[in-house]
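Read the single chain below, which is given as structure tokens and is the form predicted alone.
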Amino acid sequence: MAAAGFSISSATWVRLRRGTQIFFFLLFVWLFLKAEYHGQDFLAWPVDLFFRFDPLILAAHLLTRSPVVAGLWWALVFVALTFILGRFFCGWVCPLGTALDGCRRLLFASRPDRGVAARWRRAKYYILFGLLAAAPFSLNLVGLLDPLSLLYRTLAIVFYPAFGYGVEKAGLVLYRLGPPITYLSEPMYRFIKATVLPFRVLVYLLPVFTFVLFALIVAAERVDQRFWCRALCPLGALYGLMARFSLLRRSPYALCPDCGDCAELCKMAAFGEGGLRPAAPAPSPPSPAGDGEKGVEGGQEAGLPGPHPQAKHNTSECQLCLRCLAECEQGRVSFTFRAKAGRAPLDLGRRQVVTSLVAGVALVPLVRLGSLARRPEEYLIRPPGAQDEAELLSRCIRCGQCLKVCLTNALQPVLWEAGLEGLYTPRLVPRMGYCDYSCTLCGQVCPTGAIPRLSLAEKQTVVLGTATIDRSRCIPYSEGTDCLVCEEHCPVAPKAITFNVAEVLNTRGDKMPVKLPVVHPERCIGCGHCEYVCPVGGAAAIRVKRSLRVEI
């Protein structure tokens, strides 16, 4: 009987699952590319769609007692489907899981698993409990390990900028070669520029750190298939807890007494601890007849672990890859809907669960005190509407969507400027870009409201910080020569930068009337445009600092 009672061949189900994986991965990438300025201050596509359906983000959001964001309630759809189908998200939808499968095929030769992930499979549950235990105390760190956030920010900070840089350089090299190369290269470059490349060349902070974290996850595939999913992923753990009660069940419930192929095929080690039994005893001495038979049943080599015939199928670990269905030579395996079905015990250990919860609570003062000891530095400028530091930290999931969509490449990930609690949260770095006066895109893509969605009129009045002039570096003050750049680019009206005309000694010692720039703090919104365009090399002569009006 075919899976779920439908008259479809088992091989077709596997192809359907792979096709679905590819579809959702391409959809994830396509929405990633659509999080881009396209000539208007409006995003036509729901670029945060995947995050709306993430129950881990919803759970953390509710536990932090943050204002409810309507879009996150869509996660309940996947919760309901999990209670029906099981942990299908990890095997059919998750773009990170698909990326790991692809990396394993491309980078590593096929080899048996070492069983490390199976022994560590409880760790993901302890990580989940610890993260959720910290959330009621407004310490929201789920975004650091959520697979959707992890993949998105890796694409945004590392791979997408590297791809854009590579294409730009390759296009320049081919252009210099001239005809006939350019007859082909230029149309290709223009097509890629119009469809894939960013609006402007992107450069982000923390690319090496971000790449190393992702590379470690990929490298773990060499140890065991889906090591991240089986041992560390908190979202997979949450789905696993719900999948225990799913209606879709595998039959037979346990390994067949005469076959253990399913345990060897399962990349999630869904049969107990990998479906393996302890090593067989040493072989008995050969019989007097000298027939050379080995003292292991079934002709299995002595000392090698084999499938335990009583290993139960663990629905919490099964990702519905359906390989056991497709490759069962006896046709015994099927997946059917059953209201009453046996469940393999999920023994996480009472002491270990309590320990993980206590560790999550204990993490709050450790992280929070470290952050308070540092205090946010004076140049840590947050995106528009996110000036309440505590609220931003409790709601931000570190997904990197605001970094990706920023029109001027001004938003950058934080490393230690706000303590450990602020890792990967967004900050404005005016020397790299400025907050465009007519742009509200970052608030449109934020799935949790950490950056509120503001109207253009509201956004233009939000104070990010205040510009201050370093007179020792400012050209009119230090060299006695006019420089009008900062005043010319100030977008507010009336302008927050004006001039006082005064006589100043120039470099030759002559008194010259010079226009000295002056910042009016009551008008300045801290957009950073003046700092971005300042012609002084290195640190600008005018810099935006956290505003006292923001702190109060």
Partner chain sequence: MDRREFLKKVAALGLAAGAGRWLVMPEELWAMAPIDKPQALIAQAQGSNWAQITGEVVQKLGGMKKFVHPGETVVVKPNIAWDRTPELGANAHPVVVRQVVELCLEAGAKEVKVLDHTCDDPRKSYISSGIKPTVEAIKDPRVKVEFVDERRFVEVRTERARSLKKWYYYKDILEADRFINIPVAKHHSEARLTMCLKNMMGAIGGWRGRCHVGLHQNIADMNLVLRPDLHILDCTRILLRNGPSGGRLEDVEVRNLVLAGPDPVALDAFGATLFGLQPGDIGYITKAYELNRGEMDLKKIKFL
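Fair warning: this is a prediction, and the values are worked out from it, not measured in the lab. Numbering follows the first chain given and starts at 1.
Although it is not shown, the form predicted in complex with the partner chain is what the next lines describe.
- The partner is not drawn, yet in the predicted complex one stretch among 186-194, 131-139, 148-156, 320-328 has residues with heavy atoms inside 4.5 Å of the partner chain: 186-194.
- Here is the short version: of L177, V77, A362, L107, the single residue with a heavy atom within 4.5 Å of the partner chain in the predicted complex is L177.
- Between the options V212, L369, A162, L172, the residue in contact with the partner chain in the predicted complex by a heavy atom within 4.5 angstroms is L172.
- Using a 4.5 Å heavy atom cutoff, L407, R431 and C439 all lie near the partner chain in the predicted complex.
- Contact check for T481: a heavy atom falls within 4.5 Å of the partner chain in the predicted complex.
- In the predicted complex, the partner chain stays beyond 4.5 Å of every heavy atom belonging to V14.
- The partner chain in the predicted complex comes within 4.5 Å of a heavy atom belonging to P491.
- Proximity of G19 to the partner chain in the predicted complex falls outside the 4.5 Å heavy atom cutoff.
- With contact defined as any non-hydrogen atom lying within 4.5 angstroms of the partner chain in the predicted complex, the contacting residues in 509-540 are K515, H529, V533, C534, P535, V536, G537, given in sequence order.
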